[in-house]
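Let's start with one chain on its own, the form predicted alone, as structure tokens.
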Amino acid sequence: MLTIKQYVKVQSLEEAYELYQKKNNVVLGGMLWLKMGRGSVNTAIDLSGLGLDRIEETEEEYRLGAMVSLRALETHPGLNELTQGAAAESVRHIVGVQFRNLATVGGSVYGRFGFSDVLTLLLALDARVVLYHAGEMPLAEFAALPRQQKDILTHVILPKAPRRVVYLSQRNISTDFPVLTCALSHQGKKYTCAIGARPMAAQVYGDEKGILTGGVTGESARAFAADVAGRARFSSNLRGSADYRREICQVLIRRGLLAMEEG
């Protein structure tokens, strides 16, 4: 059981940041994974009064507030047009609609969970994050930061660059945690692949060897999939072995590339 000694609905990001620096204080987010833990929290920090639950659009980008729900991400017409439905596909297996109405984008990203579908997709989209103290940085850079560095995530920024996007995952049963996640994007001559649930947090892989330079064919898709699977690190857990994940990685990448090529 989780015990919370004090609850504070903060009035500013500065107040949230200062409180978060103190030992055993936590930011609530959607509080769906947090409530499943054990232990004692000194102060629970609620960001819901700071207007971070909006999806804002400019000519160049979408700005997703940290308190935007996964359901809002799933149903947003603009985001799904930008990603060819990958935004909705990336969250549709996450428990159920009621859960996704509470779970937040900020919680999914800041937690850097190994099982995070959302983190996998956003990495493939060249997303950036905005932190109250550290400022704006690429999501890939943030994902590699030590977890001991405590900051307040305020926004996730998605560029409106025209690209093809595909999201795939392998699950033992629907609504379970993924065995492996895969997001692919193609912009100009650049191919980006993010692999998550390894079961470690998602990482990004590019086509440094130029395997896809001549376009996507059955042969080049298979070769790129083998290259990424060879570079990625996998481990075993109760959902699958490292060897199984490596095989699934190749299958998902190949399928994703061919699906992306077919439009």
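Numbers follow the displayed sequence, beginning with 1. Note that the structure is a prediction, hence the values are computed from the model and not measured.
What comes next is about the form predicted in complex with a small molecule, which does not appear here.
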Given that the partner is absent here, state which listed stretch (230 to 238, 212 to 220, 33 to 41, 54 to 62) has heavy atoms within 4.5 Å of the small molecule in the model of the complex.
-> 33 to 41
Contact test in the model of the complex: Ala201 vs the small molecule, heavy atoms, 4.5 Å = no
Tell me, yes or no, whether Leu47 is in contact with the small molecule in the model of the complex, where a contact means a heavy atom of each within 4.5 Å.
-> yes
With the cut-off set at 4.5 Å between non-hydrogen atoms, does Lys190 touch the small molecule in the model of the complex?
-> no
Looking in the model of the complex, any heavy atom of Arg171 within 4.5 Å of the small molecule?
-> yes
Which residue, Cys182, Leu139, Leu153, Leu125, has a heavy atom that falls within 4.5 Å of the small molecule in the model of the complex?
-> Leu153
